[in-house]
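This document opens with one chain alone, in structure tokens, the form predicted alone.
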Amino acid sequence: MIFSLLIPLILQNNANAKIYIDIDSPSFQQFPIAICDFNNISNDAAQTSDLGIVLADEIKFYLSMTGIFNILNKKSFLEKIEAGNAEAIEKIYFPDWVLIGADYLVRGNITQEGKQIIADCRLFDVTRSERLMSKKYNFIDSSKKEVAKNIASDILLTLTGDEGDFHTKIAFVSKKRSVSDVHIIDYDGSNQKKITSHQSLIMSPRWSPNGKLLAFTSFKDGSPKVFIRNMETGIERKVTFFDGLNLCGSFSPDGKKLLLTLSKEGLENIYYLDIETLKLKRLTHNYSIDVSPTWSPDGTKIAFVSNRSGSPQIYVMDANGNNVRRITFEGNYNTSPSWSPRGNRIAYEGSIYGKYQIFSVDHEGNNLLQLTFDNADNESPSWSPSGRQIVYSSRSATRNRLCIMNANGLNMRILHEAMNPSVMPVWSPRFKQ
């Protein structure tokens, strides 16, 4: 019921799918945006006296996570809104906002009747003096964080053409001595939950494209086997149980296949498993160790790690196993590839100067970028659904963190920090609200 109340009522959208800001430009700089406290126009204003402030602050909180916006301090605002005046939302003296450097302006009204609240939100282009978005959102007070996510998502969609990563989760492995389990955590670092209780070593969680399944490798039975968990029912089934290694790779973009590394025929090679029939197809036939396979977003290519050149390096092959080619040549240890949902880059971890750092390279092996540079071991990158952020684990002698950064390595923030190691993060798809 709560989620149904969060579905926005679209009144008007003047954007017409037009992209107003190019956040992929090499010369990108953060866009200044002014977010006003929402104006309470309820008959009994006292009952929501702080709600307009809280909602605006939550919207700022989520938009700041994108690294795209420079949130202007409200103390700099020159134009004041008449409290309780519903029409004031559209009465804007744009030169005052230009003067403080705002490119965009967010204003809103709040109306409350009992437990039901309506937020009327408007987004304006200051330099063009025009409205870009107008939407109403029905919610209850306890759901204001969710409606703030929805508003932030709609602002981002209007300006960039992409709704962002606000409605996502990250799965990761939390280790405690010799035992580990899979946990999930929301994009904003809240609502952490343990979802497995295997009391064993667990590795490599992987989301299905619709977020309903989570695959992982578990030593629950004494040796590594691959399990698939239904995230709605909690039911788990073991899908591989061969002798030797059974290591989990990624789901195919259509969710029907799961990549695996198996050693059932000798050395570790890559296979895919048809999830419905449990039939296998072998993809690599090499006298080497081939691991960590991940599909390209269009399903035509697979990136993986192999030591066939003498050290672990990233390779790309066709989805049927043909046309294998190496794409990393810098450094003698490169592993954990993750293919961007946008299809243009592959992130991975590589050893440099005795530490693991995060890099990205295009799918042809060109335009190498180092993204992390600190004194920690930064490992296991995973792309967000937008392809504009990366989550990774960061370990040092004194801290264990999960961190999120933009695809260019900037705007790093700590998602989670704990005494126990938190490793192998993987980003979920978007969960619709």
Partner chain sequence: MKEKITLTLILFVIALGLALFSGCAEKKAVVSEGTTQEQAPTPAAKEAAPQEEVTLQDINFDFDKSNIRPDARVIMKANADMLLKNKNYNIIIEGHCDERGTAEYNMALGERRAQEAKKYFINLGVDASRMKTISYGEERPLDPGSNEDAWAKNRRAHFVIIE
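Numbering follows the first chain given and starts at 1. Remember, it's a predicted structure, so these values are computed and weren't measured experimentally.
One more form of this protein, predicted in complex with the partner chain, exists but is not displayed; see below.
Contact with the partner chain in the predicted bound form holds for none of 169, 236 and 382, as no heavy atom of theirs lies within 4.5 Å. Contact between residue 289 and the partner chain in the predicted bound form is found at the 4.5 Å heavy atom cutoff.
In the predicted bound form, residue 310 approaches the partner chain with a heavy atom inside 4.5 Å.
When contacts are judged by a 4.5 Å heavy atom cut-off, residue 189 does not count as touching the partner chain in the predicted bound form.
For residue 109, no non-hydrogen atom is located within 4.5 Å of the partner chain in the predicted bound form, even though that partner is not displayed. None of 227, 339, 139, 356 but one reaches within 4.5 angstroms of the partner chain in the predicted bound form through a heavy atom, and that residue is 356. For the residues 305, 89, 259, 317, the 4.5 Å heavy atom test against the partner chain in the predicted bound form is passed only by 305. In short, of 327 to 335, 92 to 100, 124 to 132, 272 to 280 it is 327 to 335 that has heavy atoms within 4.5 Å of the partner chain in the predicted bound form.
If you take 201 to 232 and check each residue for a heavy atom within 4.5 Å of the partner chain in the predicted bound form, you get 201, 203, 204, 206, 219, 222, 223, 224, in sequence order.
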